[in-house]
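Only one chain is given next, in structure tokens, and it is the form predicted on its own.
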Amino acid sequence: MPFNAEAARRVQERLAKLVVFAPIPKAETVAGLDVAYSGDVAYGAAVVVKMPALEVVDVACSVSKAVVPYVPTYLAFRELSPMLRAYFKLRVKPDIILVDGHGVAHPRRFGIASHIGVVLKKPTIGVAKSRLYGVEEGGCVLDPSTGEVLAQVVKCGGKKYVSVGSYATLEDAVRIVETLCKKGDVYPLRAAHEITQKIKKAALPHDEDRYPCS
């Protein structure tokens, strides 16, 4: 069945109303979620680290069939499933989730980080390597129509576009990402990326979802 972008747009517009902007409570653990692909196979990873030492306390991964194509601004419909399949295998559930993608810095204010935050009802932060939407000015990304600040640029190796997913404020999101910057990258996301590359290299079929990634 082909991807229905119009139906997906309506879902995003409806769920965007559920995004919560609120201070993040005191947190001890943070997870990074990432996905890699090889053909039609998606490799998801979730890595939980303890702050402030950035000690890895749990790792989980998933191998599944990628059934939705990549369509700009609809990344969640492709990557939500492999990310959550890995997340739900975690024995240590994190206080905060970092997602390799955008939160409210999105044309419909509902990128993949917001989607995950609304679904899980947890503080979630989007950390993207490039700007998807808005005008970059003075280290911030502004909504071109309203001038509202949607994201802030954090320099950690290269530029990282940090935005609220849900259950967070932009100030808290930026502070946490800066705290997690280690050796030129946001450590939990870098660790999750390395796991996806490891299981991708193993070239497992999509029906093999019990790979020992830790």
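Note that residue numbering follows the sequence shown and begins at 1. In this text the structure is predicted, and so the values were computed from the model without any measurement.
Not pictured, yet referred to below: the form predicted in complex with the DNA.
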With a 4.5 Å heavy atom cut-off to the DNA in the model of the complex, the contacting stretch among 86-94, 116-124, 72-80, 137-145 is 72-80
Checklist entry - Any of the heavy atoms of L98 lying within 4.5 Å of the DNA in the model of the complex? => result no
*asked:* Since only the chain is shown here, I'm wondering whether K200 would be in contact with the DNA in the model of the complex (any heavy atom pair within 4.5 Å).
replied: yes
4.5 Å heavy atom contact, L170 and the DNA in the model of the complex
no
> So, in the model of the complex, is R9 in contact with the DNA at a 4.5 angstroms heavy atom limit?
Replying inline: no
In sequence order, the residues of 107-144 that place a heavy atom within 4.5 Å of the DNA in the model of the complex are G111, I112, A128, K129, S130, R131, L132
